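Considered here are two forms of the same protein chain, supplied as C-alpha cells in two stand-alone entries, structure 1 and structure 2.
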Structure 1
C-alpha cells in the first residue's frame, strides 16, 4: 500500500483531524424509508391495471347518474298523449326523432327516453345505496367494536342478535315499507333499522379474534378504557376487513331495492327497480325488449363495478400486500 505524506498537503493537524462526539440517541436511530399506509394502499390498488379500468367505468357511471340529469330537462310524461312515440325500439326511435343520445335505447311506454329514465333512476338507486351503507357501516362498526371487546355488552347484544337475526331480513324490510308511505326515506329506514346489527355481529367476531393480543392486554393493564382500546388499537387493524365488508354492502342495497320494486313494494320514485317493474310486460313483447333489459343491464353493471372496486380496494388495504 502506498503511503501518503500528509505534510505535503499543507494542512495542520487540527484541519486534518477533528474530534467526533458520540451520541447514544443518534446511534439508536434506524435509517428506513418513510411508510405511509394510504400511499401504500393506493400504490398497490393502482398497480393492477384492471382496477384502473374498473374505476374509470365507475367514474363514468357516477357522472351519468349525477351530472347528466342536471343538464337534461326530463319529463317522463311529456309524450304520454302521443301514441306514435310509445314502445319504440332504438332503430325506430332514431328513425322518428333522429340519432341522438336520447334515442339510442329507444322510447318507453309513456314515450319517454329509456336512456334518460335509466340515469334518473340510477341516481336514486345509487344514492339509496350510499346513504344506507354510510348509516349501517358507521353504526355497525362502532357497536361491533365495543360488542366484541366488552363482555357485558356481548351478553346483551348476543341475545338481541339471536332474536332479530332469526327473522328474515327481507321480511323486516317488507313490513316497514307496508307500515309507512313508500318513499326514499322509508326505504332508508327499512334497510337500516336492523341492517347495522348484522354488520356489528361480523365486526364483533373479528374483534374477538384480536382483542386478547399482547398489546391490547398491555393497554388494559395500564388503565386504558375499553372504548379507547377498541377505537385506537382494534379498528385501525381491521381497515381491510371493513373496506371489504363495505364492498358487499353497497351493491346489496341496490339489489334489495330492485328486488322489492320488482315485486311491487319499492319506492314511489322512479328508481332502477321501478323502471324494471314498469317494463316487466315488455320483456316478452317482441320489439319492446330494450325497455326491460336496458335498466336490468345498467343495474347489473353498477352492482358489479361497485363490488369489484370495493373488493380490490379491500385487498389493497391489507398491509400484508404492501411488501
Structure 2
C-alpha cells in the first residue's frame, strides 16, 4: 500500500482529523447523487454529436434569416426595369454582376437576387411558424390539461372536437383570409383559431393515460391537491411529450404555409411558400431552375433541422434517458 504524505495535502491537523458527532437528523437523509433536471437534459442532448452539428446548422439558418436581412438593402423591384437582369442563372449573374453573395444563386424574374429573397422569405415563414406554434401550444396544452382532467369538460369538448374537426381546415383559413386582408397576422389568426384544438385533443389523451395511474391514485389518497398532482406528478411526465409535439408543430406550419401559398391562399408577403408558388413555372424552364429549387431546398433544410433538433430535445427531456 502506498503511503500518503499528509503534509503535502496542505491541510491542517484539524481539517484532517476532527470529531464528528452522531446526528439522528443527518442519518435520516437519503444520499443520492445530485440531480438537476435541465442539467441532465442538456447533458444527454449534447452527448449526441449529431445534435451539435444540427444545432450549429440551425444557428446559421436563424442568423441568415434574422440578422442578415438587417444588413442588406433589398428591394424586390429595384431591377424590374432592367431587361437584361431577369432570370439569370448563377453563372450568368456572376459574369454580369461579379462574384458576390447576392449573385450566388442567380437572379429571379424581377431581376432580384434569389439569395436575398430566400432569406427575407425565410424570416417571414419562420416567424409565422414560431408565433403560431407558441399560441397553439400554449392554448392547446392548457385546454388539453383541463379537458383531460374534468369528465364534464371532456363530454362537451369531445363533441366540439367532432364538429370542428370535420370542417375542412382550408375552408376556415380561406374564410378568415377573405374576412380580413391576407396579411401575416391574418394568417396567424387563421392558423390558430382552430389549430389549438388538435393539440388540446392530443394532450387530453396523454393526460387521461397518466391521470389514472396507480401512483396518482395513491397520491390522491394521501391527500395531495389536484393542482399539486398536475404540477408535480403529471407535468414532468408531459414535458418530453410536449417538446416532441412542438418539434413536429413548428416545421408543419412552414410546410402548411408552403401548401397554402401553392393553392393560392397564402399571405401577401413574399414568404417561402409564395416564392415557390411564384417560381413554379421556372422549374421546367432551362436556366431558371435555381429560382424554383432554391426556396424549396431552403424550406426543406429549415424544416428538417427544426424537426431533428426538436425530436432529439424531446428525447433528452424524457427523464428515463437520464440514467
Partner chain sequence: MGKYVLRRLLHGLISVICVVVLVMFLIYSLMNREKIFASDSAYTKQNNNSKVTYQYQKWEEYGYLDYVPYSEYLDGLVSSGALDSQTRDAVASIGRTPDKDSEATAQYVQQFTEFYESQGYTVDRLDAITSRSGKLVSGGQQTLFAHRDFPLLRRAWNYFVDMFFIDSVNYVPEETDIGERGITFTWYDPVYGGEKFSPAIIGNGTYHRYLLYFDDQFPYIHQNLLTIRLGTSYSVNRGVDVFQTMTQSQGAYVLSTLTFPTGLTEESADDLHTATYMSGSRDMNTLNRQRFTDDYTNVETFKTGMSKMGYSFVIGIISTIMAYVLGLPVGLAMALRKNKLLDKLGTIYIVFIIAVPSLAYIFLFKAIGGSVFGLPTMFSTDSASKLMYVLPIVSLALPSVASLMKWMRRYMIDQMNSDYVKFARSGGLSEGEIFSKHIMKNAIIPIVQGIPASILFALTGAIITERVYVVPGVGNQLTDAINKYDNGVIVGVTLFYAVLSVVSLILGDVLMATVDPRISFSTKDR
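Values in this document were obtained by computation on a predicted structure and should not be read as measured data. For the two forms, the rigid core is made up of the largest set of C-alpha atoms that agree within 1.5 Å on superposition. Numbering follows the first chain given and starts at 1.
- Shown as structure 2 is the form predicted together with the partner chain, with the alternative form given as structure 1.
- Remark: with the core as the superposition reference, the CA shift of residue 199 between the two structures stays below 2 Å.
- When two forms of a protein are overlaid on their rigid core, residues whose CA moves 2 Å or more are considered shifted, and residue 215 is one of them between the two structures.
- Fitting the two forms on the rigid core leaves the C-alpha of residue 95 displaced by under 2 angstroms between the two structures.
- Relative displacement of the residue 230 Cα between the two structures on rigid core alignment is 3.0 Å.
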